[in-house]
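First, one chain by itself: the form predicted alone, in structure tokens.
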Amino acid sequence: MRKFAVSLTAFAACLFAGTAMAADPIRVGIVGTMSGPYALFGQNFKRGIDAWVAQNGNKVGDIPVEFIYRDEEAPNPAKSRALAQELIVKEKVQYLAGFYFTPNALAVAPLLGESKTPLIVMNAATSAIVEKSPYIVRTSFTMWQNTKPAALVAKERGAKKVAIAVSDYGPGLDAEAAFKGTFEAAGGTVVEAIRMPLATTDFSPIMQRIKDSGADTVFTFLPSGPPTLGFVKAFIDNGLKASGVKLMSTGDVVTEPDLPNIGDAGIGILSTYHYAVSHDSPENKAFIDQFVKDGGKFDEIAMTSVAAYDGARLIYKMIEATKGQRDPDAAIAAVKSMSWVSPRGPVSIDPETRHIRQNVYLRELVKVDGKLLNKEIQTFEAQPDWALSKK
């Protein structure tokens, strides 16, 4: 009996020791639009991360990784800053990621240095965000990357007089500057530049201004969501498309989930973007298969899922490089110059700017086998300086 008691005690001690030695999980805070009008894109953050974890496990070596989600809902810098503070102080996250809107990401930047917390931006597209802290790295895109090719395509396809219409906040101002500078340098003329409040829902007066300008082409950017669908439908319903005015946009304006609502009237719209669900590669097929296998719907795949999938890759690399320790300098250093093949194509992290380098594709809205899709018809290979507002 005594021998059994001793053995049981020894077993319990070993079990306790094993538990005590188990690594504590690395906690990662994800801030995204999980509800409200932009919920699809925040939920895509989670779908992309879930796809990465399903394919690569929930541990880096022996270190468990736990993702904690918070809802920013809309452009609200004060709320996003408070959410980030809660994640850092209360939840003790070692990394932050996500952020759909630029103002929200900018509000969090001052917290990173003091708390020694790296931030992976998975959407917010203003070029200057990464300049606000050495602990920020981007896996999404910048407006400059996607807009400069749009201006080149417009000029190559005969546009002479362009009206620009953008949302009146950081990414929109970047898009306006990038298109105007590139198009005018190529010999084109910008006849109207309209900045639309983010809350705009009635686009008819804007369409009238465009008509009155005499523009043969419209370039536009709005953040993906209800406003983009409203703008495209107003462009069609107010007769601009029927009158021969061309619409050129970044891919944010014709996201795949919105295509059924745009309908056949949108066929022929051109956009420049760094991803299309139709991108033909084994990496994209594997990603989409996993997205759907995990319960996501094919028709709801948005670029934010790919940025989150790639962002999780960076987080795992940072954890591996630091052996789970809080060392933001080593973590950021580990991903500078990192390169891989993403579902969007070949990408890398620029060692100087911490922007992502990536191809940009000219896409045309077409109908194939009864289904609307953005078909890639031209590739602009990665240009590092295109990510920068100063170039």
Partner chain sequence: MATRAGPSGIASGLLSPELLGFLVVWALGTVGYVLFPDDLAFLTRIVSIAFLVLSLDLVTGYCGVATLGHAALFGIAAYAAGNAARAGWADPLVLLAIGALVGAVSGLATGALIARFRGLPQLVLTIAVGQLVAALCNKLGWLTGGSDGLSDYTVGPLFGRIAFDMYGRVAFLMSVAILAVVFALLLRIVRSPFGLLTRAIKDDTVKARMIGASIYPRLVAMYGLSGAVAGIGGALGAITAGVVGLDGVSFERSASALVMLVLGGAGNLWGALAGTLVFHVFEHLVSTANPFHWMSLVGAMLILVVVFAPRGLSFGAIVLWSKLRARSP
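Please read all numbers here as calculations on a predicted model, not as lab measurements. Positions refer to the first chain, counted from 1. Heads up, when I say rigid core I mean the largest set of C-alphas that superpose within 1.5 Å between the two forms.
Only in words, not in the display: the form predicted in complex with its partner chain, which the text now covers.
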If you check in the predicted complex, is residue 69 within 4.5 Å of its partner chain, heavy atoms only? yes
Could you confirm whether residue 193 comes within 4.5 Å of its partner chain in the predicted complex, counting heavy atoms only? no
At 4.5 Å between heavy atoms, is residue 34 in contact with its partner chain in the predicted complex? yes
Is the gap between residue 94 and its partner chain in the predicted complex 4.5 Å or less for some heavy atom pair? no
Would you check whether its partner chain, in the predicted complex, lies within 4.5 angstroms of a non-hydrogen atom from each of 228, 290 and 298? no
Which single stretch, out of 208-216, 143-151, 249-257, 113-121, brings residue heavy atoms within 4.5 Å of its partner chain in the predicted complex? 113-121
Interface check vs its partner chain in the predicted complex: of 139, 126, 220, 304, the one with a heavy atom inside 4.5 Å is 126
Within 4.5 Å, heavy atoms only, which of 180, 161, 81, 233 is in contact with its partner chain in the predicted complex? 81
So which residues in 99-125, when you check its partner chain in the predicted complex, have a heavy atom no farther than 4.5 Å from it? 102, 103, 106, 107, 111, 114, 115
Superposing on the rigid core, does the Cα of residue 184 end up 2 Å or more away between this form and the one not shown? no
Spell out whether the Cα of residue 133 moves at least 2 Å between this form and the one not shown when the two forms are superposed on their rigid core. no
For residue 251, state whether the C-alpha moves by 2 Å or more between this form and the one not shown after rigid core superposition. no
